[in-house]
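Heads up, the chain below is alone and in the form predicted on its own; it's given as structure tokens.
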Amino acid sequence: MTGFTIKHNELTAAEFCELWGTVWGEPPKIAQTELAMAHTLFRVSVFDGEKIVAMARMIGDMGLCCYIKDVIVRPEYQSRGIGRLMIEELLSFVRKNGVQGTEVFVELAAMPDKIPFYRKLGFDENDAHRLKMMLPAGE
């Protein structure tokens, strides 16, 4: 992958929101995103010159579990190996920073059309059903 710059832990809230909007529509509020960036274990961002084209982040406790979140590649940059590169960077972070001689549970949620991509990277589906709720904050 030539011509791209990979950055670790430099993804800003503004860059996050910009990318979010390219795939998922209206982004979260900047204040929410700033808090999320501050509490993220590891962030990977990919640039084409000055333009941010992809991001992914890792949250979790590093001892027992980590969760891959917000994997986004701008649509016009997909199918160039950028997603694979970011996942490899995140997994490398866990390998280097986890407790030696142990295993860390790494999980992610994927839309059905992305499952084949993650399977190629070694992820398996399980029988668990993810549940969610949107909880009002700041009350």
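Residue positions are given as counts along the sequence shown, with the first one as 1. As the structure is a computational prediction, the values presented were derived from the model and not from experiment.
If you look for the form predicted in complex with a small molecule, you will not find it shown, but the lines that follow are about it.
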Would you check, heavy atoms only and a 4.5 Å threshold, whether residue 123 touches the small molecule in the predicted complex?
no
Is residue 114 a contact residue for the small molecule in the predicted complex, using a 4.5 Å heavy atom cut-off?
yes
Can you check whether residue 14 is within 4.5 Å of the small molecule in the predicted complex, heavy atom basis?
no
Since only the chain is shown here, I'm wondering whether residue 40 would be in contact with the small molecule in the predicted complex (any heavy atom pair within 4.5 Å).
no
Ok, 91, 104, 110, 59: which has a heavy atom sitting within 4.5 Å of the small molecule in the predicted complex?
110
Listed residue that, although the small molecule is not shown, lies within 4.5 Å of it in the predicted complex (heavy atoms), from 71, 66, 44, 52:
71
Only one of 25 to 33, 83 to 91, 96 to 104, 44 to 52 has heavy atoms within 4.5 Å of the small molecule in the predicted complex; I'd like to know which.
83 to 91
